[in-house]
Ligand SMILES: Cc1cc2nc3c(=O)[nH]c(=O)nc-3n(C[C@H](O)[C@H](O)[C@H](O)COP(=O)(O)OP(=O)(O)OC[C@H]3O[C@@H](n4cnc5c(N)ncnc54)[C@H](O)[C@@H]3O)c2cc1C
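Next up is one chain by itself, shown in structure tokens, the form predicted on its own.
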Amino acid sequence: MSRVPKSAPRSQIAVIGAGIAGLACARILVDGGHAVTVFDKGRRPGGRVATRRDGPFSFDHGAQYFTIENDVLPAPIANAVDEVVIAPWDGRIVSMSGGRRESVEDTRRRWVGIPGMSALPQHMSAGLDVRCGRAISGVTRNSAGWRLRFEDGSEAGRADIVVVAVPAPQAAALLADSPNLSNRATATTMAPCWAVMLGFEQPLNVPYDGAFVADSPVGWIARDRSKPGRGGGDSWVVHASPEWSRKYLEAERREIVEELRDAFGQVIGQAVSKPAYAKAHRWRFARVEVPAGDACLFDTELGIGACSDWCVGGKIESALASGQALGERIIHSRTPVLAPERA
């Protein structure tokens, strides 16, 4: 585990974004002895690693699972298996294209949160100073360090170092005082994803638990009840393809539900006109199309950096690696701790 060198002073660090990358970075920094505050505009940590529950139905409507090289869990989640926060998902996964269906054989295990994907960020945020419902809209540097502002213009405090862990289009503005980093974020492209959650009182007769779909408005479907630790009703998540999501980005949710419900029925080969539950959710920045190309970004001179899945690849494991990389880079950097601002 990384530790602050004995000669290094304790830094005040602000992390903007409580998704997986931000939480991973914060955990490394706190374990390294720094004082860290995490800000997030959402109601709870996790970003797209989310679970929605309603009555008997439970949906992982954002990120579906993650894989780890050699199943060696990175430091920020090293104890997640022992604490029954994650477990392998052994559901049958297929690919569908041109009317043909084939099993997907992967050598890596698919890991999911227990009892939902949101369990992972909840676990990672334990013991951290995470302030949800607090959107940071401005980051500026002066002689005393970094000044942070909330959306209403009020002061959010100061920091020696700032970590930006939000989607690239939002990160670009927050990184404005470091033009090189801001330009790297601007050059990254991300795609949206419409997600529809469908719940059925009677389980659908479908001989697989997840499917990658081509030649359809649908890009992915999953039966959440097949994941470990789940129960309740027959819950299905339908993710639209990037192209379809971009085309209908501003459509009404009711229309999205109808279109993707019908497309889902075509994929599984049966009518699904009357689900007991049907809701749509729009992820505006869901997929990484062109990543930044580095594990993380850091301006050592200014003391500001960025970490996210958009740095390296667009998956949970990418976010974990990015957050850990930036945390370790900050710990071993020579970024100075600035003197307190005089009144």
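Don't overthink the numbering: it's just position in the shown sequence, from 1. Worth saying up front: this structure is predicted, and the values here are computed from it rather than measured.
What comes next is about the form predicted together with this ligand, which is not displayed.
- Looking at this ligand in the predicted bound form, residues G91, G210 and I221 place no heavy atom within 4.5 Å of it.
- For the options P275, P291, G32, G62, the residue carrying a heavy atom within 4.5 angstroms of this ligand in the predicted bound form is G62.
- This chain appears without its partner; in the predicted bound form, the one residue of I161, L181, I86, I136 with a heavy atom within 4.5 Å of this ligand is I136.
- This ligand is not drawn, but in the predicted bound form it has a heavy atom within 4.5 Å of V49.
- When contacts are judged by a 4.5 Å heavy atom cut-off, G42 counts as touching this ligand in the predicted bound form.
- Within this chain, F66 lines the site of this ligand in the predicted bound form, having a heavy atom no more than 4.5 Å away.
- I316 belongs to the set of residues with a heavy atom inside 4.5 Å of this ligand in the predicted bound form.
- Taking a 4.5 Å heavy atom cutoff to this ligand in the predicted bound form, the contacting residues in 16 to 39 are I16, G17, A18, G19, I20, A21, G22, F39.
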